[in-house]
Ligand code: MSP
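Presented as structure tokens, the chain that follows is alone, the form predicted on its own.
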């Protein structure tokens, strides 16, 4: 039976258009999903939109539309963007779906029934944009939100609270007992540092007198569920673990066997790690639900020294880059440039460096090798010894597997590109143009061309999760019916296949 892999992105807030930060997270998840499928796994790759809360209410009012109309429009924009960027999600969830709302209500009712919720009052500062309360000492200059810089509001209201503090010790023990639960290690250490201070309880509701666009509490119709609680439960909804018709006693809460839960990997930016590594696991503990297996927190895209932010007006539109350079070039740049867990700086110059890497290393190798097979062997791969780069192929596949095991996708891609460089060096060392001039060296030429055809098959497989369209085209030119798995490419014998040359895989672009 195939191994099952369930991985998720955050669900994106439906008040603004997709930007490069959204694209990076989702392309990263897509590439990891494709590598898992390549290994024979059954995969559920989840993404979607977060559609409740005051931010949606306010933006809808500003536009003069109903909140659901805004959500419909934005969900369609995200779906369209992901399709243009060749993101093959399996499930696109919306928090306005009836099934999800029922699961959320059952989840919160279960917390209430188990004694983990209580009514209380809150007085303090609130940022609508970030959907967060802040203490006086947290605030930025002139009573602004420390995250987004917008003005905060003074609020005094009655809320329902989750006894999050009850689970602090259990959470710390889980993180210490599972060193790879949060990756990279620097993010794990940040969470442990956060948990060195006493953990407060979590407000899980908002009064309907202030926020109407949300899921009503099942036991108090005057309150709606805090949008972050609503959003986090989407991972459980999409897993199919809970039958919402059975309410808070649904057996899938405690025993999700047969569903996709627990998630194998939650992927998110480091700015929302606390909600995923503290709020979410303690909520699951309160409900008696198994925890996800791993959390991957990546860095930010910055411009100069500043994080990209819609509020600062410095975001990059990935679809504009896609129009100019193509989908695969955008995917390659984002995943190749950002080391997992670290920040990365976007500049047009770095984008061109990474594009030229594709064109001048991988693209050049494909063009040279296929042209020589067409020229010297009438387009048919000779029945030579295709093992001329066996050691390099084995070393590369081992390096890729090790990097993927630690979610270091940038390192896996570097290893793949190094194999393409080594193959270009192999061409220079073997000089097939000189072999072709000497009839006595016909066997050597056959070996050279067969080796190059085989390595191109391996490279098509290695690059496919990141550059799916161009890799599929390379496989077609190699005479393959489709991109091979890595195991198939490792043992492939390409002799006898008919190849074709074609235009450059990554054509020169005018800047």
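No experiment lies behind these values; they were computed from the predicted model shown. Residue numbers count along the first chain shown, from 1.
The form predicted together with this ligand is left out here; the points below concern that form.
With the partner omitted here, the stretch from 226 to 234, 178 to 186, 136 to 144, 427 to 435 that lies within 4.5 Å of this ligand by heavy atoms in the model of the complex is 226 to 234. The contact residue chosen from 149, 299, 326, 247 relative to this ligand in the model of the complex is 299, the criterion being a non-hydrogen atom within 4.5 angstroms. Contact with this ligand in the model of the complex, defined as a heavy atom within 4.5 Å, holds for exactly one of 268, 192, 361, 411, namely 268. In the model of the complex, this ligand sits within 4.5 Å of a heavy atom belonging to residue 21. Interface membership of residue 30, defined by any non-hydrogen atom within 4.5 Å of this ligand in the model of the complex, is ruled out. For residue 499, no non-hydrogen atom is located within 4.5 Å of this ligand in the model of the complex, even though that partner is not displayed. Using a 4.5 angstroms threshold between heavy atoms, residue 100 stays clear of this ligand in the model of the complex. Contacts to this ligand in the model of the complex (heavy atom within 4.5 Å) from stretch 32 to 60: 50 only.
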